[in-house]
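Take a look at this single chain in structure tokens; it is the form predicted on its own.
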């Protein structure tokens, strides 16, 4: 029996723009998904297409148990985390010998197949390696870890990443003169924010600008707007959509003393608040009793 876990992720900057080669910054966060795999002669069929894909990829059969701290369909990378954790546990239990890079690559292939080509390498990379990553086109550069106090606000409004990416693509085709400058501006915000990790007020200001640009792309939602405004009013340095939008989650950067207040403001909007910070471990083996 082997138990592995993998973290969720947020986009600090650059969602949607990264689809068009602009820079973005993603970060692993503390809530995790835990997966236990055991060799079994008569395993029950997994209900998740991601888990089924993992066993198919590795060419083995076994039983699996999943425990999640991440809400699904919330823009926090839950499918990537379950895929990476399952592959890692299978790899360990069956002594297959995949490297961490091979786990990340296989996880992306499974996500891409399940999501009919709409998956991003970012989610599976961050779930595998943890930390903070600068994405530009196909390249990924790990950034020095920064301990920041974040509150995630899960709107409880489910969304489809593929649908929102397609919607932005359609808008860009119809109005390239409007949409392309917005995507360029998101890229500029990302690069400018890289110099302000030690200045949380400035960093939060860039988050607010990024949020406004995402709303201009049409990926906002009334529930997300309420959460962003509530977080800012409660003392957050900045708050924005994280992920594809149209539902899902927001993130708020907070002074340490204001975390609980911001979380309370988010929950007063009938949303779920998660206090978190950076996760530097990525996929890791857990002790089993």
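Positions refer to the first chain, counted from 1. These numbers were taken from a predicted model, which means no experiment stands behind them.
This protein has a second form, the form predicted together with (R)-mevalonate (MEV), left out of what is shown; the following refers to that one.
Here the chain stands by itself, but in the predicted bound form one stretch of 34-42, 240-248, 63-71, 47-55, 240-248, has heavy atoms within 4.5 Å of (R)-mevalonate (MEV). This chain is displayed alone, yet in the predicted bound form one of 19, 269, 275, 278 has a heavy atom within 4.5 Å of (R)-mevalonate (MEV); that residue is 19. In summary, among the residues 165, 194, 157, 146, the only one with a non-hydrogen atom within 4.5 Å of (R)-mevalonate (MEV) in the predicted bound form is 165. Residue contact with (R)-mevalonate (MEV) in the predicted bound form: residue 120 places a heavy atom within 4.5 Å of it.
For the chain shown alone, residue 161 is a contact residue for (R)-mevalonate (MEV) in the predicted bound form, at least one non-hydrogen atom being within 4.5 angstroms.
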